[in-house]
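Let's start with one chain on its own, the form predicted alone, as structure tokens.
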Amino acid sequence: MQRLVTDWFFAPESARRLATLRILVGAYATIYSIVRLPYLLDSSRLGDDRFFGTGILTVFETPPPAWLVLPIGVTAIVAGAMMTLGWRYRLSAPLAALALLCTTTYGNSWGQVFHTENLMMLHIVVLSVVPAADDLVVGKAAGRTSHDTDRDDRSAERYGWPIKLMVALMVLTYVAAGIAKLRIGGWAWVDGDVLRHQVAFDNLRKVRLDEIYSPLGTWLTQITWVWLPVGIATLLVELGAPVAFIQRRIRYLWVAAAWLFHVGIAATMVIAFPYHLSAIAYAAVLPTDQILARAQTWLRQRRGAGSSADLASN
């Protein structure tokens, strides 16, 4: 059994597949850093009594100097863009991961601790320390890697296990959420009653605070029978996440269910998990290199068809 798991975890994989994950996750993190920067700058102007250090900032009793926020935020953006392009990867990728960790932790230290960016952060950390820039790099010929002279199965293992690790981290976040639900709400989650009350409370709180709430979620709380299948589906998605390691069709069905799960959360409670809703959170489960190849083939065919039409018209 141990040998079976080891062989699966270290199974060879293409450099291109890992590179596509670098581009997808890196681009998302860069855009996220751009969008998030104004919020961080606004937070730096709050009073010190509003600050409660979390994560790596736990050691601080008062907030770090406000003048550090802008350069670290800009570093996260610039290094993230460099990481996405694969340029100076051994420097830019770790720097992007560190700067992003600082900015996300800083943002969470001023109020409610959100976990919507946790998986993104974990994936960035993994990509920052693995050879994810051996293909699809700006300035390199297409299809060339820094290991073109050593393309046996053993060398391909270096691209396989990081992808499996990214999948494992995604699975763990879901399973942990499912276990937390059972520990807090017990098996009442199964009949949907706890979930129904949570949706009702969340929307009522937002109404009282004059925030954006979900009319759909408010309406559905009045229909009791809906919440039994919804509660069961919630636990099946979270506790059933390990099926992402199983046969291809099964894992794809789980990805679709997990994505719809987050659509449901956004629709009933106006709580968005952008990384998951973008589907980039699940990219490690998908054959991204094959999807890229098919897209390239389709574009070439379209260009070829367009050229033939131009010649015919002339």
Partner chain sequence: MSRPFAILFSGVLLTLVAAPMIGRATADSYPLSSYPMFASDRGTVSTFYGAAGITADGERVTLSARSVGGTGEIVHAAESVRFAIKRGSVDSLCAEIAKRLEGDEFVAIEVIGERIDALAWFDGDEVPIESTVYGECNVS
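Residue numbers count along the first chain shown, from 1. Keep in mind that what you see is a predicted model, and the values were worked out from it rather than measured.
As for the form predicted in complex with its partner chain, it is not shown, yet the points below apply to it.
A.B. asks: Quick one: of Tyr39, Tyr252, Trp259, Phe60, which gets a non-hydrogen atom within 4.5 angstroms of its partner chain in the model of the complex?
C.D. replies: Here the answer is residue option Tyr39.
A.B. asks: Closest heavy atom of Tyr28 to its partner chain in the model of the complex, within 4.5 Å or not?
C.D. replies: Contact check for Tyr28: no, nothing within 4.5 Å of its partner chain in the model of the complex.
A.B. asks: Does its partner chain come within 4.5 Å of any heavy atom of Met269 in the model of the complex?
C.D. replies: It does: once its partner chain is placed as it appears in the model of the complex, Met269 has a heavy atom within 4.5 Å of it.
A.B. asks: According to a 4.5 angstroms non-hydrogen atom cut-off, is Thr54 in contact with its partner chain in the model of the complex?
C.D. replies: Thr54 belongs to the contact set for its partner chain.
A.B. asks: Counting only non-hydrogen atoms and a 4.5 angstroms cut-off, does Trp225 reach its partner chain in the model of the complex?
C.D. replies: Because no heavy atom of Trp225 falls inside 4.5 Å of its partner chain in the model of the complex, the answer is no.
A.B. asks: Is it true that Arg88, Ser92 and Leu98 each have at least one non-hydrogen atom within 4.5 Å of its partner chain in the model of the complex?
C.D. replies: Verified in the model of the complex; spot residues all out of contact, no.
A.B. asks: So which bits of 107-129 sit within 4.5 Å of its partner chain in the model of the complex, heavy atoms only?
C.D. replies: Residues within 4.5 Å: Asn108, Trp110, Gly111, Gln112, Val113, Phe114, His115, Glu117, Asn118, Met121, Leu122, Val125, Val126, Val129.
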